[in-house]
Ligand SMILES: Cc1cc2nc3c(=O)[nH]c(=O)nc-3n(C[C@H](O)[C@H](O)[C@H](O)COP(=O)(O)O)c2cc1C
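In structure tokens, one chain follows: the form predicted on its own.
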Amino acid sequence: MKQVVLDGSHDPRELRNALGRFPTGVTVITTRTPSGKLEGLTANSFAALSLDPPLVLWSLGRKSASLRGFVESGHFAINVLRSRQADISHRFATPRENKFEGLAHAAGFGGSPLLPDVLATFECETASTVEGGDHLLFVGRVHRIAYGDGEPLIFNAGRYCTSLPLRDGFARSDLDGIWDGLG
């Protein structure tokens, strides 16, 4: 295992490499700005925060061209991608003037675009933002959700991948225990 001391003289890529060892789902986060412009970006910084009230969070780099639109809109939608939607992830991770051109979508809470055939959606109002170094953390109050079954798109160590199920017994009882303990 490689060890790196984060003393300011380190290569910032090393931290990214270590963080990349934590597999995450892939989302496209969308909003409609007050001027009506649709904004969207690929993010894997999404996480659950609270069940009561229903809160989620994600972060956006301060240098992002979309930052102002997300801050000013006051709402956003999280679109959780399926394994077969790597092309959608790439579309929203690549700079372009109109990422929605030619892509079907529906208007969700606050006009935030909802992408078709995703694994889940979370329609949110921005409850707060928190300063976090070179990122801004968005905490969202979830107003509507939709979800279905399917294989999630996963990102790990700089690559897209999918999950391989393990024996169900342990994970199901662990998961039930975790969620039951939150109530």
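Note that residue numbering follows the sequence shown and begins at 1. Here the structure is a predicted model, which is why all the values come from computation and not from measurement.
We do not show the form predicted together with this ligand, though everything after this point is about it.
Enquirer: Decide if the three candidate residues L41, S45 and L60 all line this ligand in the predicted bound form, where lining means a heavy atom within 4.5 Å.
Expert: Checked in the predicted bound form: all three residues contact this ligand.
Enquirer: Spot the stretch among 64 to 72, 47 to 55, 114 to 122, 140 to 148 with residues whose non-hydrogen atoms come within 4.5 Å of this ligand in the predicted bound form.
Expert: Heavy atoms within 4.5 Å of this ligand in the predicted bound form occur in 64 to 72.
Enquirer: Even though this ligand is not shown here, does G102 get within 4.5 Å of it in the predicted bound form, heavy atoms only?
Expert: G102: no contact with this ligand in the predicted bound form.
Enquirer: Might H135 be said to contact this ligand in the predicted bound form, defining contact as any heavy atom within 4.5 Å?
Expert: Yes, contact at 4.5 Å.
Enquirer: Consider A93 of the chain shown here, and say whether it contacts this ligand in the predicted bound form, taking contact as heavy atoms within 4.5 Å.
Expert: Judged by the heavy-atom cut-off of 4.5 Å, A93 is in contact with this ligand in the predicted bound form.
Enquirer: Is there a heavy atom of F22 no more than 4.5 Å from a heavy atom of this ligand in the predicted bound form?
Expert: Close contact is absent here: in the predicted bound form, F22 is far from this ligand, nothing within 4.5 Å, heavy atoms only.
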